[in-house]
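The chain below stands alone and is given as structure tokens, in the form predicted on its own.
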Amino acid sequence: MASANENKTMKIINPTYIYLDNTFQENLAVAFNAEIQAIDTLENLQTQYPEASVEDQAENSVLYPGFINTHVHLEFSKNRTTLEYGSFMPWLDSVIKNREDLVSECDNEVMMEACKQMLNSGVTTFGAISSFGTELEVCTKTPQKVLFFNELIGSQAATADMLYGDFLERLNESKNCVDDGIIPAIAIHSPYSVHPIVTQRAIALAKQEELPLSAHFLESQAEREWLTKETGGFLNFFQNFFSTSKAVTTVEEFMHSLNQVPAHLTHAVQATTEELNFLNEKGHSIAHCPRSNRLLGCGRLAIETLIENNMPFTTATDGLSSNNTLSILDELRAALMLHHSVPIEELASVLIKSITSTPAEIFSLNSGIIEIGKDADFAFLTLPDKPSSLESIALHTILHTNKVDKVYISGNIVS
């Protein structure tokens, strides 16, 4: 029997369907305060927690663990029609041309609105990739929990110490915000843009302090050509901006540099099957951003290969510099339509896992699944009609949900 103190703060939610152990079940309710305390029938939970408030839900309601969006750039949230889409290098040129204006116009109000957009789609935790640290204040105020990836960028040895020092300052600032829901983390921008000396320092630090590690990896054909042949669109880029025609590393060197600690690698569209298999063997994972990849002309990540080889991947929105919304539900729909070779209900099921249990496991989060002892982070939604089967709920969730009904974080309704 629960204590009287527990009863005062206990709630019971009673959905039609509950996402449990990667399947959907009926006739179960969840008792929770800040954490999940029990999962049982409504009758049993009311007996166990007689003073708990019961939140009965509409017909065809579905209770999910809170969704996790692992890769977001908030600092470009002001962009709508400024940047050029269709191919990676013209897009990058437009980012450089408009960067100062976009960043200066992206104030806290704009970034908070971006956080709310994620929240409305059920996201209770997100990974913020931060180049300058300007998002930190917003990330401490948004209701969501935030993996705050302090990003390293800079390929020139002459500036390596200065850039690393700036990174350490930003990392320490994020460490001071743990009580505000911040999880300090490290991001290496990409193999082509970070000097190997700095990469090794960052990886060693991630290992020493057990910090989550992320990196953009083989996003575009231009990146692959540069790292393997020192040709293609990046040749002119590096000649114009850095007066060099030499890449600082190779694909193989960068992959082997990651052997010390698991990394969450974003995009990997241009990775070969052999490279993906190598990364999988070393315990790495992939962040899949289908809409960003399409808008920048990067190609399609063959997630059927990941599924076949049990390589963990998440589905993420990337930022508004390469997307039109930060809705994780919009991203799932795009992925569902893109990957036509995977049976559709199987794909829907894997995609739901890619924003719940998979990222939680990758980053050792106390969320992502509905289980006793886990944080009471929930995304609650209602289907428009009775699903044809329990197995079809994931598919119909992706097809028919534009906004969730309620979001709970640590047991509190926040949306």
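Predicted model only: the values in this text are computed from it and were never measured. Heads up: residue numbers just count along the shown sequence, starting at 1.
Not on display, but discussed next: the form predicted together with ligand BEZ.
At least one heavy atom of residue 154 is located within 4.5 Å of ligand BEZ in the predicted complex. Ligand BEZ is not shown here, and in the predicted complex it never comes within 4.5 Å of any heavy atom of residue 132.
Proximity of residue 237 to ligand BEZ in the predicted complex falls within the 4.5 Å heavy atom cutoff. Proximity of residue 120 to ligand BEZ in the predicted complex: non-hydrogen atoms within 4.5 Å are absent; the residue sits far from the partner. The listed set 164, 91, 192, 254 contains one residue whose heavy atoms approach ligand BEZ in the predicted complex to within 4.5 Å, identified as 192. Stretch-level contact analysis of 295-303, 173-181, 146-154, 121-129 against ligand BEZ in the predicted complex, using heavy atoms and a 4.5 Å limit, identifies 146-154.
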